[in-house]
Structure formats: structure tokens, C-alpha cells
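Just the one chain here, the form predicted on its own, laid out as C-alpha cells.
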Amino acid sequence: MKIIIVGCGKIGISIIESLVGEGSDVVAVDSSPSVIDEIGNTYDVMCVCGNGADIETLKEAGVSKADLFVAVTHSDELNMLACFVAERMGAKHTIARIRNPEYNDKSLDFLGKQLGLTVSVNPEWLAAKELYNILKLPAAVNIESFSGGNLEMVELRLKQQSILDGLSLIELRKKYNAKFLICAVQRGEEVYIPDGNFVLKSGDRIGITASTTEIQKLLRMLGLMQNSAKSVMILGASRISYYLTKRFINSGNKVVVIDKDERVCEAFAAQLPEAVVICGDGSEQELLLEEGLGSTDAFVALTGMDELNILVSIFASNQGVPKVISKVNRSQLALMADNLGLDCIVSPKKTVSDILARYARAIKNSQGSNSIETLYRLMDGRVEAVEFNVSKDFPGSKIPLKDLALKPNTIIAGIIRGRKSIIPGGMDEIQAGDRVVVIVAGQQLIDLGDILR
């Protein structure tokens, strides 16, 4: 499968890494010779230096044979133009990164149809949505939704002396009357797809699938339920900050935004006058305390510097802020942040990489019968959660799950039948028309049939 990536910044490189790992034939296009040289020295991909909307550049990249064309330069307009030209030159599917808030849903829908876009992605909007969901359920370190929100996977970190320490999953299900499934556990560098005999330990990062109401019910039983954040302090007046602040204010909540760039602050305040915008250096501890860090429900670090986000988040955590979230794009620093106790990390580039991996696999599976609906990478990328639409040709249909010969490190985490979410037991069956959520470690799924031995 041939995929062309135009624009090799942070997002572009993350996509290249992801798709090379998927085994795709990737072509990288960028106008900077130094960037292209670095990409060529680092990854096993074809590299083309030039303007991604230029016909000759795209001919050299082989656009007429491209299964997927992705434009993620810093310019929305260039991305749209590049996709338009690529589609006219024969690219089968095109995806453009469009970040400007001025492009609303109606205009994007119109532009998409006129330009032949398969889809547009806005990493900052997606990250803000992820942040908002976590702030509404602060006990979680990550939340992913399936089937339009009918089923969720929530990741939790078991604190020291957790009441779950030493409990097997069988004992846990018997003790707590809620419909849920612990489908993945990360313990240090190891990841497990657990069975009923697996024993939990403090410090584990666990993935739980359930409906939203059952998740909340379980958290209340465990004494982990926290009130939704009503006030939030945001460091950095970025695009993510704009989308998050808008969502939070529309919910009737209080937002304080701090940034040291005076012009950025003025523009932000003009766009969102309901927010409190402070012009100052957010790395100064006194400023944060003066503006109410100690009394806020949540602190979110969204500057363009991973290191600053981590350091200030550690300070906020030490001040007793109930929920602290950091934006960290570099995977090495994300691991460091986790080791320092910052277990709630967001990464826009990871979100986009997951979306592109899903589209790539969906295209690969176009000859198959069980289409991919959703794909997420969890537990530092070691676990995948894939949602499939089940066709009548699936060989595992109408067989009790206890009798299905699943591959190792594979679990059926949820079945969505119509609007009903089922946390499956051994006697449940997969039926044609269902949506099925599968959790796997150490493998990639293209078709639902891949889960069977």
C-alpha cells in the first residue's frame, strides 16, 4: 500500500513512524532539504524535496499510484490545495490537516466535497476534546470512546495502597456489582491482556471497558469518583487552549489562561472574552499562586515546550491541584513525565497518528468483510483497541466466546448491538451487524478474522 505524506514537521514525522510500523510503502515530501535529508537518514522511506502542491513534485512522488495522500504542512490552505491536486492526479484517498478555527463545520463540509477530501483532521480540536472528557471524569488518565460513546475504555492508575491491590480479576468482579471488564494492564515496562486469575498491584495502569454509567458506578464503589472540574488554569494560549476554553466556558465553568506573549493574550481575550487571560511568565511560581493555582480544580500545561509543560505540571501537582494534565509530544519525555508521577499526558501527534493508522488499515481491509470503525493505541502504544463492524461472513459468529480459539494476548472487550453495550461473558456470541471492540498486545489487526487462530 502506497502512502504519501506532505509536510514533515512533528505531526508528519509521527505519522511516518506509525505507517512505516504498519508496513506501508511511505513517501515523504517536504520543501526543506535539511528536513528531507534527516528523514531519509532516519526512516526507510522514499523522500522527495519540493512543494507538496506542485505537479512535478507529486509526479516524482508517484501520486497517481497513491492509495492514501496526507497533507500536514503548517498551512491549511496548502494542505487543501495539495489534496485537491493529488486527487485530480489519481490519489485514491486524501486527508488534510485543517487547524484554523475560522473553518467551521459547514465550510469544511463544503470544502471537503469540492476538493475531493476523504476527511480533514484538526489535531488541536481532537486534543481539546480528549482533555475536556478527562476533566469531566478526573479519576481517569485517558478516555477513549467507541460506537459514538455507547462504550468507553477508561485508563486508571492504581495509587499506592489501592483497595484493589492484591485482588484477582475474578474476586474484583464478584466484589463489585458493576458491568465492566479490565482488558489491559501495564506494569512497569510489561503489558498484559489479563485473564480472571490476574492479580492487580498498586502502581498498575489498568484499562476498563464499560458504558459511561457503569464506569461512574464502579468508580463510586471504589471511592475513586471525583467531581468534574469546574475551574481550570491553562498555561499557554495555544490553539488547543482556544478549543478547550471555548468548550469549558460553554459549560458554564471558569477558565484562567496564562501566556507571556502580549499580542497572543490580546487576541485570545478578544475571541473569548469570558475567559480570564493573564499576560505573564507561567514558569514563575509566584504568578501561578497569585492567580489561584492552589484553589483551581485542574491545571493544564499546553505550551509548545514539552519540558516546560512537565516542570510546571510537577509544581502544580506538588501544590495539591486535584487534576494535572500535560501536553507532551515527544515519546521519550512522555515516559519521563510518567516516571515523575505525571500520568495524565496528551499528545496531538499521537491522536493524528492513530487516525491515519485506522484509515490505512481500513484501506488495506477494503477487500475484507469486517470494516474497521475505530482504532486507538493505548498503554504507551503497546496495546491496540480496534472496533470492527461484523459482517455475516465472520467465521466466529454465533459461537459462544468461551469456545472461540482466540490468538494469545487477545480479548473481546465489548459488543455493541444496536444501542446496547454488552460487556461479554463466556456465553455471549458475536452476531452479524454487531460492532465488536477487540484489545490486543503485540500484534496488528487488519480484519476481525485475524483474532482467530
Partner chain sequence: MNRKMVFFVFGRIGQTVGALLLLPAIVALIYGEMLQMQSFIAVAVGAIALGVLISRCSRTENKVIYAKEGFAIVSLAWIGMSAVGALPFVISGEIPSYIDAVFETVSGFTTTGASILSDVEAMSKSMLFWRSFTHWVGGMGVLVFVMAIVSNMTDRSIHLMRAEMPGPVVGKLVPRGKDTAKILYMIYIVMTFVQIILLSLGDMDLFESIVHTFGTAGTGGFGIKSLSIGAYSDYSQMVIAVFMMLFGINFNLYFLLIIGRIKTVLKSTELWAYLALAAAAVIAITLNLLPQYESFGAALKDSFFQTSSVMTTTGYSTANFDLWPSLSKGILMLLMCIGSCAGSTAGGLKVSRVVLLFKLVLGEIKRMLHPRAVTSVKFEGKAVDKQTLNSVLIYFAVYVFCVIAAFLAISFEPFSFETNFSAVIATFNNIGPGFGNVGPMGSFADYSAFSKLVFSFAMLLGRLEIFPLVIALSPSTWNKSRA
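Fair warning: this is a prediction, and the values are worked out from it, not measured in the lab. Residue numbers count along the first chain shown, from 1.
The discussion below concerns the form predicted in complex with the partner chain, not included here.
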| property | result |
| --- | --- |
| 4.5 Å heavy atom contact, G433 and the partner chain in the model of the complex | no |
| Touches the partner chain in the model of the complex: K59 (any heavy atom, 4.5 Å) | yes |
| C49, heavy atom within 4.5 angstroms of the partner chain in the model of the complex | yes |
| V390: touches the partner chain in the model of the complex, heavy atom cutoff 4.5 angstroms | no |
| Proximity to the partner chain in the model of the complex, single hit among P395, G40, G425, G418 (heavy atom within 4.5 Å) | G40 |
| Selected contact from V26, A66, V386, I412, since only one has a non-hydrogen atom within 4.5 angstroms of the partner chain in the model of the complex | V26 |
